[in-house]
Every structure is written in structure tokens, then in C-alpha cells.
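As a starting point, one isolated chain is supplied in C-alpha cells, in the form predicted on its own.
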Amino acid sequence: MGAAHGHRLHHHGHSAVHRAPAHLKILVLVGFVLLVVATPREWYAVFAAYAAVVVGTVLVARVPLGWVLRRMVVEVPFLVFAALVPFVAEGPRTEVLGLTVSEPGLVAAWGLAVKGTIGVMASLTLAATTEPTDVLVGLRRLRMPPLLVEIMSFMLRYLDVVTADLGRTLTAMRSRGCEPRSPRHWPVLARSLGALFIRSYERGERVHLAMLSRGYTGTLPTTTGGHEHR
């Protein structure tokens, strides 16, 4: 059950991108994102090339573009923030679609939006072509601090458990006439989320004590993912 949650971002396939070692894909992603961030905002053609590289990788991996685009909704709050920048930034003003905006703010908004979009799409491509367990193995091979890897491992393992608890809590609230989306019931929702946090914290303590009683010394046995052992 543990890593099942991670499969929601993973698109099963047998392409060359899927088969590539996880640690190599992580290095390529980090290098690519750093390159995108370091590129001046005025190099518009270069950003078009970056986008073409990401889209080409998605196509080579045989991951449907619609599948990736639907999961990019996580970027919406960031894009909303970028859209506000031209209205609050200082500097020479210009008119766009009947609205007076800041020219430097417009360029800054473009830079934030295009760099963020390319970075999110590249990250989703990694998630779509790499099993969560393979990502952890890749991070170990890259000598990431073991404690951080263990934390991420437990996060993957118990995220589904916490999500299921949240789903049951929301179902119980609705069955009692309490709609979580209504502002009138937000105080009830806040108290329910607080209780969920406490239950999750206590579950973590029980799991930790159970592990210690079974000889846990701070390091879990290393497992290899589906592609790492080849």
C-alpha cells in the first residue's frame, strides 16, 4: 500500500526514458532546471527550445500530453501570482488589452511563468517515467543524506493512509449535514484537520516504537526498484 500514492503521478511504460537509471534522470532534471532558471528572461527563443525539449521527452516516453497537462494544475496559484506582478511593479507603464501595466513587471511575470511552467513540466516528466521507489534508490546512489531519504520513504508509505483518513473524515462530516466547502463550516473543518494531525502524529510514534522494538537502528533495508537492478 505504501508507494501506491506515488503511482498517481507515474505513467506505466517501457520507453527508453522509463528504462533510464533514476539517478541519471534526477541529475539531468536538476541540471536542466538550473539552466532554465539561469537563462535571461529576454531570451525568448531559448525558452521555446527548452519547451520543445520537454515536450519531445514526453513524446519519446509515450506519456500523453493531456495526462501531463492535467497534473500541471498544481501550478495555477503560482501563475496567478505572476499575473499580478505587472499591476504592482514599478517602472514605465504600457497598455495591454486596455489595462495599464508595468513594462518591467510584464517581463518579470513572463519570466516567472515560463520558467515555472517548464520546471513543473520537466518534474512531472520525471515523476511520470520513474517509480517512486526508483527515485529513492537514485537519491541514495547520489549520496543524499540517508535521513532525508528515510523521511521521504515514510512519506510515500503513509501518505495514502493519511489521505484515506481525511476522506473518511469528510464523508462523516457530509453525512451529518456539514459541507466542508462552505465557509460557515470551516471552523468544523479546521478542528477535524487538527484532530487528523494529532492522530497521524500519534500513529507515527507508535510505528517508530514498533520499529525500534524490532531492531531498527535508523536505516531501512535497501530495496531496488523495477529498473535499478538491471
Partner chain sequence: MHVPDGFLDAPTSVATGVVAAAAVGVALRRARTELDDRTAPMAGLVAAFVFAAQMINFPVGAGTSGHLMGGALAAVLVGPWTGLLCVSVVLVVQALFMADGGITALGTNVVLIGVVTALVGYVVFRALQAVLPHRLGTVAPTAAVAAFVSVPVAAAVFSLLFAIGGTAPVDAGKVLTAMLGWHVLIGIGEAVVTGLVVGAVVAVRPDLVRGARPLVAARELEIRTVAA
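Each form is matched to the other, and the largest set of C-alpha atoms that superpose within 1.5 Å is called the rigid core. Numbering follows the first chain given and starts at 1. Nothing here was measured: the structure is a model prediction, and the numbers come from that model.
One more form of this protein, predicted in complex with the partner chain, exists but is not displayed; see below.
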Requested in this report: Indicate whether the partner chain has at least one heavy atom within 4.5 Å of a heavy atom of Pro40 in the predicted bound form.
Outcome: no
Requested in this report: Report whether the minimum heavy atom distance between Pro92 and the partner chain in the predicted bound form is within 4.5 Å.
Outcome: no
Query raised in the report: So in the predicted bound form, does Arg176 come within 4.5 Å of the partner chain, heavy atom to heavy atom?
Result: no
Query raised in the report: Heavy atoms within 4.5 Å of the partner chain in the predicted bound form: does Val30 have any?
Result: yes
Requested in this report: May I ask you to choose, among Leu65, Ala172, Ile198, Ala49, the residue with a heavy atom within 4.5 Å of the partner chain in the predicted bound form?
Outcome: Ile198
Query - Heavy atom contacts to the partner chain in the predicted bound form at 4.5 Å, residues of 66 to 96 in sequence order - result: Val74, Pro77, Phe78, Phe81, Val85, Val88, Ala89, Glu90
Query raised in the report: Quick one: once the rigid core is lined up, does Leu147 have its C-alpha move by 2 Å or more between the shown form and the other one?
Result: yes
Requested in this report: Answer yes if the CA of Ala195 moves 2 Å or more between the shown form and the other one after aligning the rigid core, and no otherwise.
Outcome: yes
